[in-house]
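The form predicted alone is given below as one chain in structure tokens.
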Amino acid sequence: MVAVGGNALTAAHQSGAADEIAANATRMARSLAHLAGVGWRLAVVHGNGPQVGNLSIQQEEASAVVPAQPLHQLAAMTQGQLGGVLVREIDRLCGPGTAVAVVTHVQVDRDDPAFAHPTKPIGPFFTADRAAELARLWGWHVVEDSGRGYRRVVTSPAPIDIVEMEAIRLLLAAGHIVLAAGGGGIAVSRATDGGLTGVDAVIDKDHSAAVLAAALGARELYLLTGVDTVLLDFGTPHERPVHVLTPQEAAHHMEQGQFPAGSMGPKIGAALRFLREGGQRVFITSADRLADVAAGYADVGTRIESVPAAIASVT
């Protein structure tokens, strides 16, 4: 199971133009195709933070001409947008029909406390003044994001269940590379009649990847981000990489504030969830180093596991 960040498809310095997304998808597809080429069965979850935020601005700006769509519909749109781009690039390398993107619904709890505390950054970065202006204009919540500027944040409840789970299993068993729960999935809740109702939220893709990976019985979860390795004391003179963590160490660092909610926090939380639910190992690294980490290079990426590999091989 590989989780690709939305920032891997639209970098912080990019505008989100179609050619930028396509070029980034090409680089990502090379890494995924390499893993498929050495015999891995792959399920992929992609993020959509920059893209769904950009789309929401387009909706607001055009609302005097056509009705703006709710956030759960924008999540569906970006699943199709980014899933389609990645499928085409993977198929270019692996052959037509290799990759399949599944429009995926993910159940959440409407009573989740997260609805009272928006934490998920979406869209572009703004200056403090511009962010405050947009917050007043459209009722946004905005926060400073890791020293890079200010962004809108939206509700991000925890995923409970993947609705299309059986279809995903069948596609994987048939040998496809399956893209599922794109953007964390379309957030839904169960209605009183048993049907599904859209919920305005953006689910964190790393947490959805952990749920999907556990349900599939995956052994390893790869969380791709903008850095090669998890850094402790990030942005300080004491900044340093860490290549191996136990779940206990990772949880301790998170309690100490090392991993902010809008940055590395969701990845560490998702990693711990996956390990609690039966996963063996989680790797956090950049898209460019995915193949190296998968090949076992010890000085690249960050590995989180209950029993370090060296000890496990002895016992």
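Note that residue numbering begins at 1 and tracks the sequence as displayed. No experiment lies behind these values; they were computed from the predicted model shown.
One more form of this protein exists, namely the form predicted together with another copy of the chain; it is left out here, but the text below deals with it.
Contact annotation: of the candidates L272, L35, I57, A261, the single residue with a non-hydrogen atom within 4.5 angstroms of another copy of the chain in the model of the complex is I57.
Contact with another copy of the chain in the model of the complex, defined as a heavy atom within 4.5 Å, holds for exactly one of V153, L245, A131, A101, namely A101. Note that among 230 to 238, 111 to 119, 188 to 196, 217 to 225, the stretch whose heavy atoms approach another copy of the chain to within 4.5 Å in the model of the complex is 188 to 196. In the model of the complex, another copy of the chain lies farther than 4.5 Å from every heavy atom of E144. Proximity of G149 to another copy of the chain in the model of the complex falls outside the 4.5 Å heavy atom cutoff. Using a 4.5 angstroms limit between non-hydrogen atoms, Q79 touches another copy of the chain in the model of the complex.
Interface membership of Q69, defined by any non-hydrogen atom within 4.5 Å of another copy of the chain in the model of the complex, is confirmed. Residues of 156 to 193 that come within 4.5 Å of another copy of the chain in the model of the complex, judged by any heavy atom, are V163, E164, E166, A167, L170, L171, A174, H176, I186, V188, R190, A191, D193 in sequence order.
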